[in-house]
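Given as structure tokens, the chain that follows is alone and in the form predicted alone.
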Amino acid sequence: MTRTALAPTPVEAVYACGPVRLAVVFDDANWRDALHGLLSQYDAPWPTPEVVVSVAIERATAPSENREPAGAYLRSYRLRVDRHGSRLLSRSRVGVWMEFDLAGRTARITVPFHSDWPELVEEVEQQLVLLLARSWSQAGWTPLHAASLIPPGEKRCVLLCAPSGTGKTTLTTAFLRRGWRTLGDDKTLLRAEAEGVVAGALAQRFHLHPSASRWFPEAGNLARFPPYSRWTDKRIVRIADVWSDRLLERASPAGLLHVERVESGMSFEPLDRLKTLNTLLRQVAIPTDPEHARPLVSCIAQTAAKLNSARLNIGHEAFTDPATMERLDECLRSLLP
């Protein structure tokens, strides 16, 4: 008798991602497990979802009618994205496709059979990051790759912009232990409203490497926290579990700090309006399509016009020096006169 292999049972899950709610159907529980770390991280409270998107993720070849995207809409290291009317077509390096119907708010991600499972997971994650960024924009928000810091008693924040790996999370955490608060350590949403630009929180957790335990002994052994994903040693640390009353849901951007890592020491220098604008623009994925680019650029320009800004060059071990941290505290406060 020939044994017939059973097809995987589809799995459904719903994720709240700030103003966007994703209703996802996975054709295999393995996909849900692999992508849960990404999709569950945007757990900051949000009143009601402003946009609901339905997503199907399945093992399949790309639909034959789809043309190869050239990257006319958006191009990154991993993705080539084109726009056709209300649809975005996106293809990754190894053939992960996404068709996102912006008008119908439905998306289908098809994943080819490929021997490199980690590569496939990373490229599906990139498609979901694109989908979320465009969905946040449809809800009227501009996603900014930045951390934020708010002094005690304030509702104005300093935005922290830095290249990946520079240490935004470590710097943000160093200020939490001094009583400052935050909207998050990695992504912030901006929206221009009648009273001015408002920044909204997306996550209540940080992703800290266990080696940071030497800087933050009050957190204990960071290795005890759950891993962020199977691809990194970083751990998911819920901020309220270590530093209580340090999270805000909304703040008004009033300062900007462009952080660069150096071997040692610390220097602090003002930035003019043009450098401030350029710093913010580098933290936003802006498509070439004028209709979709215009509201993002407009929001960033309105934000930049109101910020007091500076560049910080800071050494690797600056957080261990109380005098340096005291000086840095004063520098950040000077951006919020």
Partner chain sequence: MPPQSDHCRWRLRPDVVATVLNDGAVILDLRTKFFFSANPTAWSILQMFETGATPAEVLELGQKWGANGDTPAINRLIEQIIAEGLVEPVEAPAGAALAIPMIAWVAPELCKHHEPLQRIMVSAFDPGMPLAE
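Positions refer to the first chain, counted from 1. Keep in mind it's a predicted model, so treat the numbers as computed, not measured.
What follows is about the form predicted together with the partner chain, which we do not show.
The stretch that touches the partner chain in the model of the complex, counting heavy atoms within 4.5 Å, is 182-190, out of 149-157, 239-247, 182-190, 82-90. Of the heavy atoms in Asp289, some are within 4.5 Å of the partner chain in the model of the complex. For the chain shown alone, Ser211 is not a contact residue for the partner chain in the model of the complex, no non-hydrogen atom being within 4.5 angstroms. Within this chain, Pro143 lines the site of the partner chain in the model of the complex, having a heavy atom no more than 4.5 Å away. In the model of the complex, the partner chain lies farther than 4.5 Å from every heavy atom of Val121. With the partner omitted here, the residue from Gly220, Gly196, Pro163, Pro226 that has a non-hydrogen atom within 4.5 angstroms of the partner chain in the model of the complex is Pro163. Residue Val284 is the only one of Leu271, Leu38, Val284, Ala44 with a heavy atom lying within 4.5 Å of the partner chain in the model of the complex. For the three residues Ser76, Leu130 and Val297, a heavy atom within 4.5 Å of the partner chain turns up in the model of the complex in every case.
Shown here without the partner chain, the chain has only Leu202 in 198-217 lying with a heavy atom within 4.5 Å of that partner in the model of the complex.
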